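Taking the form predicted on its own, here's one chain by itself in structure tokens.
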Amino acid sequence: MNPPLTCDVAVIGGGIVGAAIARRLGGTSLSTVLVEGRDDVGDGTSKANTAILHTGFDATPGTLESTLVARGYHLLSEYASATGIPVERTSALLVAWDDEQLAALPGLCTKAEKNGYDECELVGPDEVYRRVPDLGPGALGGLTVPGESIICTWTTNLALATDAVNRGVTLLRGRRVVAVDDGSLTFADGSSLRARWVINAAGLGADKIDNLFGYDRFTVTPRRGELLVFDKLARAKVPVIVLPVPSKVGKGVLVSPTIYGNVMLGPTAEDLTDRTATGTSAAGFSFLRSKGADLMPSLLQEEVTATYAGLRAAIDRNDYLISLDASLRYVLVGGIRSTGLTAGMAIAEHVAGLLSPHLDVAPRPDLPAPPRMPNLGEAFTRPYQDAALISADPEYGRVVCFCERVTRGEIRDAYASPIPPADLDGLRRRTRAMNGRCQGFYCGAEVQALVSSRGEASSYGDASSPGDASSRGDVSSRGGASSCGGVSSRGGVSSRGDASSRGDASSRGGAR
């Protein structure tokens, strides 16, 4: 039997927050392992959000969330520029549809100023319709938020995880934690990991992991959000993010452009007990269509090309729950709602600060440059449009998925990357393959053949890259597995749980 893996810090959860924490600690002298229970990073809550880079204008002033979202907005904006994560600075417009909502707008402007954001502006109905002519009748006024942007959440998660691996972090996929005993984590496949410190960033499962450490302080309620995705031909109708005036339940139903050139309508907000219930529902669609008829009637005349649902990790408090227990050498990072996309890097910075009295978290001087990620954004040059790139490598001119213009070169690159896809859904998130209006009807067979052959890796180079092992469950750190001791590829893969069908495309995004 192989000896258990040992390390200084184990981070449980390969979503955006967990990957950001692993990246931050991977830049120190500490040996770090990122543990993900699913087959791929970013395959849980992090893939399921409306992908908005938030200014934090509407956060509750004085909360940890407000502080970290504001800080994270700047950190992620800079990181996106350095790594090529696509971001569109669309701005947002809150629209008031009745007198009560109109009366709430000045208070929201004041709240934004308390959160350090002073660029909001109150506007009248004429300006609202000038900015978004296709809105339905009856808008009474609005509040502009110039800094709100759309971003690719899939690329964000993958960039952070790739950066972590490049910095020396060992990534274990398909390792669901089932027991904890004095720093020793036991996984469902029978393997184990011993860590000096454990950080719980498990999202929907954070309360369950917290229970394993002897706590009973919060419960995660899976809150399902369903959305409709409209064809790219509808994009001109929605030049900005159209937000409702927030309520106590959540942000409400929005209409937003996506980084991939579509338009989304949603989400719903339904509290459930089943943490795997990412299926869509007739009631959810009926609700969204009724809201859409009021918000933008003409949008409902456009084709819906995808539907999906995601689960948010709601808890019974109005702030993040981040806590360090020195006696257990344990850090909880729980209650991270949809704002975790924006706040993730700031959360990592905050966690490092909590650990600093106990561990050396000073950055190493020899850190590699951030990875340059493939562009999935519709507003920027894609490989099929780049004549120089195609001339240098014709595979970038051989389109496989015609709806999304995905090339064989991109699929090949995904499988040659430090963290290659473990399945078709993972390939979707890395390339947009089969994410278009035909939902794989035309390209499905060829894409599946490339999945089966791992992008025909044998024809393009060495298939034994560090990423090759990760499809079996483990990714050794780029800095060398020996830094954590005893790394072995066990190949234990946990059940994927919420693998979506094409009709319920939960892998494509989700609830805000």
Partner chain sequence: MNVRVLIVGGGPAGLTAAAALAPRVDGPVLVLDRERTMGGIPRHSDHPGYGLRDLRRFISGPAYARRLTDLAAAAGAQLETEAMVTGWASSHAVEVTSPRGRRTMTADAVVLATGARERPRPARLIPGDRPDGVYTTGQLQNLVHLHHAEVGRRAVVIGAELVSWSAVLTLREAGCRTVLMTSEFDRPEAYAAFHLPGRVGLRVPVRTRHRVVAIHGKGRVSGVDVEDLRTGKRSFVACDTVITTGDWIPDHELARLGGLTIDAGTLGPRVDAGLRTSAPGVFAAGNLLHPVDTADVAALDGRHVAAAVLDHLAAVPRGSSAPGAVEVVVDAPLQWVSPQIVEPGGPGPSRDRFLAWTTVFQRFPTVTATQGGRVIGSVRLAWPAAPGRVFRIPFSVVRDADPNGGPVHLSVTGRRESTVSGTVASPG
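Numbering follows the first chain given and starts at 1. Small disclaimer: the values here were computed from a predicted structure and weren't measured.
Only in words, not in the display: the form predicted in complex with its partner chain, which the text now covers.
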Segment assignment from 228-236, 83-91, 150-158, 348-356: heavy atom within 4.5 Å of its partner chain in the predicted bound form: 228-236
Among 385, 408 and 448, does every residue place a heavy atom within 4.5 Å of its partner chain in the predicted bound form? yes
So in the predicted bound form, is its partner chain close enough to residue 316 to count as touching (4.5 Å, heavy atoms)? no
Would residue 105 count as a contact of its partner chain in the predicted bound form, using a 4.5 angstroms cut-off between non-hydrogen atoms? no
Whether residue 278 contacts its partner chain in the predicted bound form should be assessed with a 4.5 Å heavy atom distance threshold; does it? yes
Looking in the predicted bound form, any heavy atom of residue 402 within 4.5 Å of its partner chain? yes
Going by heavy atom distances of 4.5 angstroms or less, which of 116, 190, 297, 394 would be at the interface with its partner chain in the predicted bound form? 394
If you check 218, 129, 79, 442 against its partner chain in the predicted bound form, which one has a heavy atom within 4.5 Å? 442
For a quick check, can you give me the residues of 295-316 that have a heavy atom within 4.5 Å of its partner chain in the predicted bound form? 302, 303, 304, 305, 306, 307, 308, 309
